[in-house]
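Next up: a single chain in structure tokens, the form predicted on its own.
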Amino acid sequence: MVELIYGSARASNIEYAIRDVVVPAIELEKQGHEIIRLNIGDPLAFEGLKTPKNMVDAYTEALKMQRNGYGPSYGIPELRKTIAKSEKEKGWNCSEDDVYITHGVTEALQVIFAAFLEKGDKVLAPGPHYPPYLAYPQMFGASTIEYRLNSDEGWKIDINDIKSKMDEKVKLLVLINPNNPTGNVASEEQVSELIEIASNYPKCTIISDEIYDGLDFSDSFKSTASISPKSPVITLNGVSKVFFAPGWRIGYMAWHDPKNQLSHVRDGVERLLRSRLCASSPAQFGYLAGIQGSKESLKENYSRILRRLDYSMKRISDINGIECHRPGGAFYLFVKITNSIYSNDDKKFVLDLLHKKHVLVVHGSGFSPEFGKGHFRMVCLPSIEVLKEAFNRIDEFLNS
């Protein structure tokens, strides 16, 4: 008897390494094992890192006041206006009408890809990169081509590699700055060179994913839109990382279109946003309070992360079999596996570490089969006590 299989290949081809590795971890937990999870960038899963109280209060107050009905499709006006002001302060002329509120940056990407891409189009994205940049374009008949981040130079953008891969089919050129998963913060010079390349292709728009901009420990971050006089730039950001509220699922895209090149595709974006109704209304009021209110608790969170990053770098330097460039931003470590047994099979390293020592990290090839292989990504978010135990287990795994 022939088995009938229903469903779309579009969905079955999607991989999301960060959460895919959780599946075997859950099975071990069912058996009674306690797993140290270092796989996902959720700061609220770790001790001492909390969403600011004024944001939680504003969210709660919105619920109490019944401000939780359907909102405007593009976002509540107060939030759009406040975001536009904050983007202006980064150096470019952003208006309220340029800002669209979405269900996190992930939904923004889905909407952008749906509006921009057709069969045969290309997205040029950094390798390594956040998995949806590879997963989603293929749903629209497009493909993602990776440009190299040079691991030998602290994951610096390989400008020549971008030049060699650019052509008229590249509709979107992606910059993730600070980068997930490597933590590299691109210099203003590098960003300017990337913009210059894009300016030679009239149908190319830059996506600048700046979700970690407030976690720049290098003091070198510069908004892409602020230094792009000609090329259109769509800035992506949100509440998840910098404001420590990932489960709220509120992000935004801010459109910088100095030559008014994107009016047609922007109409498509607005149609898509209207068709999906709106983002969470009470969460938007919480985000608004975060932007407008005190940043003291955020500064405390940043200080904790920096201390934990310093500790992690010290431990990695003392363990034979791994090494790591110090990240300039975000809260990830993209660790190179120098151990000869695992250097060519990072997924085996991750699974063996999980099963033998119950520490969960993410294989680097899940962020780029070509440029991420031989690495693993971990977060430096846990308390130093938890990090100490995790690194002790990693050391025992590699050197016992």
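On a predicted model such as this, the values are computed, not experimentally measured, just so you know. The numbering used is simple: start at 1 and walk along the sequence shown.
Missing here is the form predicted together with a small molecule; even so, the following discussion is about that form.
Shown without its partner, this chain lists Ser231, Thr144, Ser226, Ser240 as candidates; in the predicted complex, only Ser240 has a non-hydrogen atom within 4.5 angstroms of the small molecule. Val105 is the sole member of Leu172, Ile83, Ile112, Val105 with a non-hydrogen atom within 4.5 Å of the small molecule in the predicted complex.
Of the candidate stretches 274 to 282, 174 to 182, 92 to 100, 117 to 125, only 174 to 182 has residues whose heavy atoms lie within 4.5 Å of the small molecule in the predicted complex. None of the heavy atoms of Phe46 is located within 4.5 Å of the small molecule in the predicted complex. Ile211 belongs to the set of residues with a heavy atom inside 4.5 Å of the small molecule in the predicted complex. With a 4.5 Å cutoff on heavy atoms, Phe371 does not count as touching the small molecule in the predicted complex; it lies far away. In the predicted complex, the small molecule stays beyond 4.5 Å of every heavy atom belonging to Arg326.
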